[in-house]
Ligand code: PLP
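Okay, here we've got a single chain as structure tokens, the form predicted alone, with questions on binding and movement later.
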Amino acid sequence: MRSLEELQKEYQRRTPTSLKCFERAKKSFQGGVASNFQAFDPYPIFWDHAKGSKFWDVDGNEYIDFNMAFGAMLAGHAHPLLVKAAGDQLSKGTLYCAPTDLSATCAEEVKKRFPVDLVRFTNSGTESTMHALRVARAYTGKEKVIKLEGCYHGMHDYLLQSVEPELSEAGPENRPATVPQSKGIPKGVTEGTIVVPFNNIDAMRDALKRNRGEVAAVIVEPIMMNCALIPPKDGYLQQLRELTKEYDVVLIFDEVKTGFKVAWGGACEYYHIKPDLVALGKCIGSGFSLGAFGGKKEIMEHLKAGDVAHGGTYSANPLAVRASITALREILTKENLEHATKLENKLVDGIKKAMKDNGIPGFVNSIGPCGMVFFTQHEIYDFRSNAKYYNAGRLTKYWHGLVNNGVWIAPHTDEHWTVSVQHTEEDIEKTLAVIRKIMPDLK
């Protein structure tokens, strides 16, 4: 059994050029990375290029990629159809700041999959949830919002609350305190956000009752995919839908991660729920910066001059929209999603067997082409149970073992993996061989 120190030395031996790149980047980038999510110890691997299900780092090492840009690349890397679509559009221009027929076509593709009447485009999932929240407030005339503890909805102040709070600051389990995730967020914003535990309908009912007449919206990841991967308990989302109707509160599904992945029509289809608003990102652009939000006509019609502001120079730019149309019509199809899900199921079965054969406690959660291993025997059903019982040390060794053998997953305990439509049976077989090899190190 190899120690973590030995695994880290092997990591450093394999990636000396990444270290050189990192030292150079630190002279110009704060922390040496362009986003805090890209930072991890001992230093991040710097990529050179990617294609299909794989990427190659600056040292020439090949990796099977199961992070897929935090799940955004369900289409895989450099898909030939996307490369062609982008190339065709480049010669026609990439930014007009004017309407195009392409944007209407793309909106129609979204409406085919999700129960929305009208759509607006954004540039990211952060923008999508931000604008959805704003229009919900305008529609209801109320200001407070309820979010679920441990759910992440982007980088804007209103929802960057209680994403990964310290348990010592998080307050009672059934009535959590609202803890800003970052310095620099105004106290007044934090005070307008109510936090409730996931999978606890009684706590949600209590919060709505205590704040009756003041809550504009409840926003939720229908499956917690920024807190490892935690599904809703049977009936939870259905009860949440009924409860928000009872209290006249807008229900917003943040499908930035679940959309297009857990089912062709996202979590709305998978759980047969019709929320009032849906926020989308990641897969909708398939590698291009694009997001969207949509919902009931009576809510969305507030988006007009003199009522609710919505804009963005790059919103619905023709390059991203054309790529999205190609992805939604030709790549993220039901057949291709079924292919990715079958591979995911095979991967999960293999991981479970390797854990059992080596006496490693834990289980695997899997939905569609997404999965996450939990090195614990405790039930994980919300943020706090994950924070209390997840064996982060074992995951760290698992991650180093995978990466040192050419398999890439996110280096964080809060990120699930994604099997793309370009992964193959051979990729899964190679990955399972690596897992069987490294599992003894986790004893």
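This is a predicted model, so every value here is computed, not measured. Numbers for residues come from their place in the sequence shown, where the first is 1.
We do not show the form predicted together with the ligand, though everything after this point is about it.
K.L.:
Of the residues 336, 199, 126, 89, which one places a heavy atom within 4.5 Å of the ligand in the predicted bound form?
P.N.:
The option sitting close enough to the partner is 126.
K.L.:
Can any non-hydrogen atom of residue 284 be found within 4.5 angstroms of the ligand in the predicted bound form?
P.N.:
Although the ligand is absent here, residue 284 would stay clear of it in the predicted bound form, with no heavy atoms inside 4.5 Å.
K.L.:
Is there a heavy atom of residue 318 no more than 4.5 Å from a heavy atom of the ligand in the predicted bound form?
P.N.:
Judged by the heavy-atom cut-off of 4.5 Å, residue 318 is well away from the ligand in the predicted bound form.
K.L.:
Do residue 106 and the ligand share at least one heavy atom pair within 4.5 Å in the predicted bound form?
P.N.:
Taking the distances in the predicted bound form, the answer for residue 106 is no, it never comes within 4.5 Å of the ligand.
K.L.:
Check whether residue 256 has any heavy atom within 4.5 Å of a heavy atom of the ligand in the predicted bound form, and answer yes or no.
P.N.:
Within the cut-off, so yes.
K.L.:
Based on heavy atom distances of 4.5 Å or less, which listed stretch (295-303, 221-229, 136-144, 208-216) is in contact with the ligand in the predicted bound form?
P.N.:
Answer to the contact question: 221-229.
K.L.:
Which of the residues spanning 1-25 lie within 4.5 Å of the ligand in the predicted bound form, based on heavy atoms?
P.N.:
Nothing in this stretch is in contact.
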